[in-house]
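Two versions of one and the same chain are coming, encoded as C-alpha cells; call them structure 1 and structure 2.
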Structure 1
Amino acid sequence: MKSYILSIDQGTTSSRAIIFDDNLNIVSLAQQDIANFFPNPGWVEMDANEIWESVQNVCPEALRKSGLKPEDIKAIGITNQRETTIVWDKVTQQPVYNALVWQSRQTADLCEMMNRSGFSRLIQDKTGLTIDPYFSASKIRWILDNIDLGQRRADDGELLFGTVDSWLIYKLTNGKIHITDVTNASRTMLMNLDTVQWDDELLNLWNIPDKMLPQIRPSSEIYGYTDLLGCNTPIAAVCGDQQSALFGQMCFNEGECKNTYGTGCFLLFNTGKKRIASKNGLITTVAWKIGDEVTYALEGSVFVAGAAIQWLRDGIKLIKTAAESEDHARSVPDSAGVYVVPAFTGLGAPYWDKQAKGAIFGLTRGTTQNHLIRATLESLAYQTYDVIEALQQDTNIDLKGLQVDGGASQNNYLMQFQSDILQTKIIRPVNFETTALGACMLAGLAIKLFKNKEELRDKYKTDKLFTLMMSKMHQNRLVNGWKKAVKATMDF
C-alpha cells in the first residue's frame, strides 16, 4: 500500500494543499486565493481567520481530488510565508487584529528608533538580521501598543503570538499546541541564532513578554495530531517557505544553493553547521533543524525579478504574456548594449539602496522592443549574479551549480543566460513546487516514511540542465556593462 503526505503551503496571496506520493510525485492540488488589505500607505494586512478558513477548505479538497481515504495521508507538513505576525486570545482563539504581513511597513518609525538607539550591532550579532519592519519583533510590539486589548494581558499568557505556522497548528489542534519551528523563529528577530532559543535580552529590548511566545521546535518531528481530514493525522513538519524550497531542492550540503525566480528572487545558500555573518548585505538564517543538528544558510533577496516581466506586460505593454518574453528575446542576436535596471522599489542585496529608481541604458536608434524585453529578462540574471558575488565574498566557496525554481525559471532563454553569466550550471527540477515538496520531505523523514536524505536525493528528477555556452571574456564584458549601469542608477 502506498503512503501519502499532505503539504500545506500557506502564502501571501493563496493557501495551497498538495498531496505527494512516496516517490515525491504530485497526486493532487487545491488552491484558494486570500485577500490582502492596505489600510494605509505601506501597510499590508490579511485576515488571520480567512487564512485558517482557506486551509480548512483546501486540505479536504485536495484529499477529495486525490480519491484517497483520510487514513492514506500519513502526515501533514506545513510551509508558510515567513515573518507575518498574528496575536490572538488564548481562550477564544480569536485574533486581536489582522495578520501584519511581512511586507507591511507600519513599524518603520519604531525600527528607525531602535536603529538610532544603537542596537543594530547587538541585534545583528544575535539574530543575523538587520533591523527592519520586515521581521516580526516590531510587528508584535506594534499590535501590543496600538490595538485595544481590553482587559487581556500579554505578560500573563492571555495573548499569544505566532507566525502563520504557529497560528495554523494552534487551530489545527484546537488550542492544544503552541509551537513554531527554528526557521520561522529565526525570522522574528527574537531568537538567538547560536542557542536557537528565545533570547531574554532581545525580548527586553522589544519589551515582548516570553509568555506570549510559542515553543521553538525542530523542523521535522511529530508535534501533535489534527482531525482536519476526518481521522487523526500527525503534523510532522514546519518550515518557512524559502527554507522549505532549499530542502525541496535537495540542497542538503554546505555549498549548495537555490534561487527562486518569483515576483522577487530569493536566493538561499547552505552554509552547513557554520553560521556565517555577511559583510555584504546578506542575512544569516537557520535552514532547518533535524534532530539536534542545526543547518544554517545565507539569504539574499532581489525585490524586482518576475515583477519586471509583469511591468513589461501590464506597465508598458510590450508583451501579452510573461511566457512570450522568451520568443521576443530570442528574436534578436543580443541585447545590443541595452541594460534595464529594474530598481522600481529601490535595490535589495547587495546594494540596499532604498532611494534608487529604475533606469534603461544604452538606447540607440536601432533599439527595438525585443532588445528591451531581452535586457529586462537579463536583469534577473545580473541581479542574481550580484547576490552570488556577495555570497562568494562572504564564504570563499566556489559555487558548483545553482538549483532553480519559481515562475520565471520556466524561461529557457533566461536560464541559459543565467548559466552563462554565473559561469556555472543551472539545474531545474521537474517538480517546481519545491516549497511544498520540502515540507513533504521533512514530514516524511519525521514519520520514517523516508529513511534519510540520501533516499530522498535519489528521487530528485531533473527537468533541464543548463551549462555555460559563453566565454569568460564575453561574460566579463557584459557584467562590466551591468555594473556601470547599476552604479549610474544609484548615482542619479
Structure 2
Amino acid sequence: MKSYILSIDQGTTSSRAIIFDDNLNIVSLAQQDIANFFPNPGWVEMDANEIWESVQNVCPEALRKSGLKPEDIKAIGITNQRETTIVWDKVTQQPVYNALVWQSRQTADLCEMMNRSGFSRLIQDKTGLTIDPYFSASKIRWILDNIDLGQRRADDGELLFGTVDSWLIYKLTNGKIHITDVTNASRTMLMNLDTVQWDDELLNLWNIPDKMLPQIRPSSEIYGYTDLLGCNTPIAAVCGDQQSALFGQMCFNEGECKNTYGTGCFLLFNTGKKRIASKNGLITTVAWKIGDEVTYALEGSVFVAGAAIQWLRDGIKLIKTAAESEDHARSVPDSAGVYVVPAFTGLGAPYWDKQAKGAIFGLTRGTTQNHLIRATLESLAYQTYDVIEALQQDTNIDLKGLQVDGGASQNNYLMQFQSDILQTKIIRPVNFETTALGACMLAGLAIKLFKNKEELRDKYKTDKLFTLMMSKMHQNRLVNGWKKAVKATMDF
C-alpha cells in the first residue's frame, strides 16, 4: 500500500496543495491565485483571510483530483513565503491589518532609524541579518504603530504575530496551536541564531512583547492535527520556502547549493553545523532543524526575478505568457547591449540598496521588444552571478555546480545563459516542485515514512544538465557591462 503526504505551498502570488506518494512522485496539484495590493509606491500587501481561504480551497481540491480518501493522507507539510507579517486578534482570530509582504518597503524609515541608532552590528551578530524592511521585525512595529491602540493591545496579550506558517497552523488547528519553525523564525530579525530562541534584547529594541510571538519548533515533527480534509491529519513539517527547496534539492551536506527562480531569486548554500558570518552582503540563516541538530546556510536574496517576467507580461504587456519569453529571447542573437536592472523594490544581496529603482541601459534606435525581453531574462542570471561571487568571497569555494528550481528554471534559454555566466554546470531536477517536495520529505521523516536522508537522496532524478558554451572572455565582457549598469542604478 502506498502512503501519501500533502504539501501546502503558500507563496506570494498563489497557494498550492500538492500530494506526493512515497516515491516522491506528484499525484495531484491544485492552485489558487491570490491578489497583491500596492497602496503606495514600494508597498506590497495581501489579505491574510484570502491566504487562509485559498488554502481551505486547494487542499480538498487536490484530494478530490487524486481520487484518494482523507485517511490516505498520512501527514501535511507546510512551506511558505517567509518574512511576510500578519498580526491578528487573539479572540476574533481576525487580522488587524493586511499582511505585509516580504517585498514591501513601507518600513524603510523605521529601518533607517534603527541603522542610525547604531544597532546594525548587534542585530547582525545575533541574527545573521542586515537591517532591512525585508524582515519581519520592522513590519510588526509598523502594524502596531498604525492600528488603534496597537501597542497597548499587544502589551495586554490581545494580539498575536505570525509569519504565514504560524497563521495557517493557527487557523488549521482552530486557534489551538501558535508555533513557527526555526527557519521562519530566523527571518524575523528577532531570533538569536546561536540559542535558536527569541532574543529579549532584540524584542526590547523593537518594543515587541514576547507574548505576541509563536513558540519556535524544529522543522520536522508532529505539531498537532487538523480536520481540514475530513479526518485528523497530523501537521508534521514547517519550513520556509527557500530552506524547503534546499532540502527538496537533496542539498543535505555542507557545500551543496541551490537557486530558486521564483517571484524573487534565492540562493542557499549549506554550511553544515557552522554559522558563517558573511562579509559580502549575504545572510546567515537556519537551513532546518531536525531533532536537536541545527543546520545553517548562507543565503543571497534577490528581490525581483520571476516578478520581472510578470512585469513584461502584466506591466508593459510585451508578452502574453511567461513561457513565450524564451522564444522572444532566442529570436535575436544577443541583447544588443541592453541591460535591465529590475530594482523595482530596491536591490537585495549583495548590495542592499533600499532606495534603488529599476532601470534600463543601452537603448538605441535599433532596440526591439525582443532585446528588452532577452535582457530582462538575463538580469536573473546576472543577479545570481552577483550572489555567487559574494558567496565565493565568503567561503573560498570553487562552485562545482548549481541545483536549480522554481518556475523560471523551466526556461531553457535562461538556464543556458546562467551556466555561461557562472561558468559552471546547472542541474535541473525532473521534479522542479522542490519547495513543496522539501516539506513533503520533512513531514515524511517526522512520521517515519522515510528512514533517513540517504533513502530520500536515492529518489532524486535529473531532468537536464546545462554546461557552459560561452568563452571566459565573452563572459567577462557581459558581466562588466552588468556591473556598470548596477553601479549607475545605485548612483542615480
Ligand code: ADP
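Rigid core (definition): largest C-alpha set, two forms, superposition within 1.5 Å. Structure 1 provides the reference sequence; residues are numbered from 1 along it. Here the structure is a predicted model, which is why all the values come from computation and not from measurement.
Selected structure - criterion: the form predicted in complex with ligand ADP
Answer 1, the form predicted in complex with ligand ADP.
After superposition on the rigid core, does the Cα atom of S379 shift by at least 2 Å between structure 1 and structure 2?
Shift at S379: 2 Å or more after core fit.
C-alpha of S14: shift of 2 angstroms or more between structure 1 and structure 2, rigid core aligned?
Comparing forms between structure 1 and structure 2, the S14 CA shifts below 2 Å.
Rigid core superposition, K425 Cα moves 2 angstroms or more between structure 1 and structure 2:
Yes, because once the rigid core is superposed, the C-alpha of K425 moves 2 Å or more between structure 1 and structure 2.
If you line up the core, how far does the Cα of I316 move between structure 1 and structure 2, in Å?
Superposing on the rigid core gives a C-alpha shift of 8.5 Å for I316.
Once both forms are fitted on the core, what is the Cα shift for M469 between structure 1 and structure 2 in Å?
Between its two positions, the C-alpha of M469 lies 5.8 Å apart after core fitting.
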